[in-house]
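Starting off, we have a lone chain in the form predicted on its own, written out as structure tokens.
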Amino acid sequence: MRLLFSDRLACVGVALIVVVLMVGLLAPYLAPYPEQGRGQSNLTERFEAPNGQHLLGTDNYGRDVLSRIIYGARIPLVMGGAVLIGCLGVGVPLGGVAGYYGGRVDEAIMRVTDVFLAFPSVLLAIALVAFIGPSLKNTAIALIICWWPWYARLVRGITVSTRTRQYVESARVSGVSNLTVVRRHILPATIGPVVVSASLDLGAVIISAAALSFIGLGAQPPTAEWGLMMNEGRPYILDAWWIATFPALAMFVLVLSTNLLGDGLRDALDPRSIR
């Protein structure tokens, strides 16, 4: 923690993530027009440019863009966290089992992961969501299915290199059970790389979820989701640029903050890094 918070850019990333999280939690109290943030239309004020009454303008349904962005702050971090937890819950145990036992178990698990990795993750996610139906829940399930093999391969590689070390061999020879060896010696070696990988992947997961919403396979109207808001503003980008621009800027700030946090964690958890 000391190394992490000695990195100013990492502190900026943490601060921005906390701000987005708090804005999402306090959306009913911070949004100027909570009803419009939840999707209520106001057709008498369509396409209003940013002004004193609507700081970021209104969209094609007359809804306040700022209120929609504030309500939309709830979704990216929840979606990203849920997807990464699901990926870790599937990939880490399978990778650990494959790396520790080896042989046919390793061969079977790794061949399954190769099948998933043979497809581009975004295209596979599009196909899965199109098959099971567009929604935020199905988007999360599709992204978990597409991303868990990367963590399985990462943990498997670390486990293979760790199980042959002398302290692990000594524990096994002394009669320590396999479960204890994995829990006390194998898993701690994977925590650092897995945390760093997950923090760096958080921004990519957020962008992938927003991309699915942008093409109509994620959040559905009238949900205030930044990718969906960008899609709704796309036809009017020349005349009402603010509808799509401000949600895109919010997405940019959030993804940048996750990348700054990931870089800071990578440096803090790498014992070979020179501060």
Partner chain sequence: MSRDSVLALQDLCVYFPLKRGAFRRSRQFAYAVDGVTESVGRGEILALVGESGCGKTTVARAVLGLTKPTSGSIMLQGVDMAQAPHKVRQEAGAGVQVVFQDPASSLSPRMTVHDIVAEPARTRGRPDGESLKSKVLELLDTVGLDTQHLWRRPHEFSGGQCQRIAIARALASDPYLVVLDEPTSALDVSVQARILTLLSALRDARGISFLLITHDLAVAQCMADRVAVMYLGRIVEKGPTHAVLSNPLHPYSVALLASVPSPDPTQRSGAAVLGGEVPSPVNPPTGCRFHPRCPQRTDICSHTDVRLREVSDGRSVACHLAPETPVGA
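Numbering follows the first chain given and starts at 1. A quick note: this is a predicted structure, and the numbers were derived from the prediction, not measured.
This protein has a second form, the form predicted in complex with the partner chain, left out of what is shown; the following refers to that one.
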* Which residue among A82, V90, A171, M110 has a heavy atom within 4.5 angstroms of the partner chain in the predicted complex? -> A171
* **Contact segment among 72-80, 91-99, 180-188, 141-149, judged by heavy atoms lying within 4.5 Å of the partner chain in the predicted complex** => 180-188
* Asked: Any chance R104, Q166 and G175 all have a heavy atom within 4.5 Å of the partner chain in the predicted complex?
  -> yes
